[in-house]
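Quick setup: the structure tokens below cover two forms of a single protein chain, split into structure 1 and structure 2.
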Structure 1
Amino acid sequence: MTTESDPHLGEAVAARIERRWATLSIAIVGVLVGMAIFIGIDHATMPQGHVETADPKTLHLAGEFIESNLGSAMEADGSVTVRAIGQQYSFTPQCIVVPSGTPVTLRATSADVVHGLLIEGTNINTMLVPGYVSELPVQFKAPGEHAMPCQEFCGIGHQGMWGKVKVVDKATFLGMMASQRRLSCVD
């Protein structure tokens, strides 16, 4: 029997194929939703392996983020650690000096509300959450300057919350380090 002699047979075959594709599509969507639910629940119940905290009320009084400890510092292994604080409506220090071609660890936190830390021209983009320390590894390839705006709305003065990262060659950085324990380019 051909479809020319029985027009309903062709419609039945097409309907059966459509049902199979619809069933397959619904099954794929179901699997994806199930995976999303599983991953969401797993991440909610399994905290990160390492979470550092800092008391935002005492940041300036004691510990790693006291004012004399902010800015760039050379470590014994030749890497550089930068410590910074975001607070309404500024970064401290407002200008950071780092060497090019050197591993840099950026450690930052917030003293008051959630801030965003973005270094233009790099892949650094994170949130600074009060009570938690954000740590990001970065290496700048060439000397130059990068704007560092807060990209998370933090209040009415948010638009004026900008900082700067000044990348200098390693020899210049070492020369600057010889005269100071901590570096920043704030005039």
Structure 2
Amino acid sequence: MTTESDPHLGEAVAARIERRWATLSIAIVGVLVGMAIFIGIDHATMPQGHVETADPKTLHLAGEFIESNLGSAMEADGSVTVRAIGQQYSFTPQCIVVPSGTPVTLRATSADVVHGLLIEGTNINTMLVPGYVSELPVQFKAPGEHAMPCQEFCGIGHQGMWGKVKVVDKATFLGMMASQRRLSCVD
């Protein structure tokens, strides 16, 4: 017994299913691309927009990461730039002091291996890769103290590597800054 069926009907069904699956996959790709664009614009993630290099072996000789230039610096536009380095097994400066409610540019790099810089209680989290400068635009809402552990295994003394971030109100910060060009809260 033979079944009478239209061969064109089968073909049309296949084509329809095929088209729906293709549309669905395109839609998924579109959503993913759109998501990446949205979080890039909304700053939900803060991808660094440019690459800057720094030779990890000679950070201490010249340039912006020499010892006396590390810490917080006041900029002409009223913002604050914080420079720090990570090295086995400490951050320099060991204690960073920043004003609250002020735009802060955090610039850091590593003097040896890959380290991580994470400020507890905030969404500040970046890797410090030797050879590259990590830069983050940040703003601290309220005065307080935060731990800043190294979040990337950097060797056998990794667990001992962390720093402190002290957020003070702006007036206090300006008072502390008055007598110094670079500020840290290392005792």
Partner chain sequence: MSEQKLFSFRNPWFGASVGVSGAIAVLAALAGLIWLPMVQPDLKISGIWDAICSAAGVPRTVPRSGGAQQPDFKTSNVVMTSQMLTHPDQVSIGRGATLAQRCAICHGPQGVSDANSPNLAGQYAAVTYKELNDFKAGARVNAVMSPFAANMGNRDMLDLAAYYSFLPRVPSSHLNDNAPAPQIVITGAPMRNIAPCGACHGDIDIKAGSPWLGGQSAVYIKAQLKAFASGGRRNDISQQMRNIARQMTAEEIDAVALYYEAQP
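So that the term is clear: the rigid core is the largest set of C-alpha atoms that superpose within 1.5 Å between two forms. These figures come from a predicted structure and were not determined experimentally. Start at 1 and count along the sequence of structure 1; that gives the residue numbers used here.
- One of the two isolated chains is the form predicted on its own, namely structure 1.
- After superposition on the rigid core, the Cα atom of L24 is displaced by 2 Å or more between the two structures.
- Here E11 counts as shifted, since its C-alpha moves by at least 2 Å between the two structures after the core is aligned.
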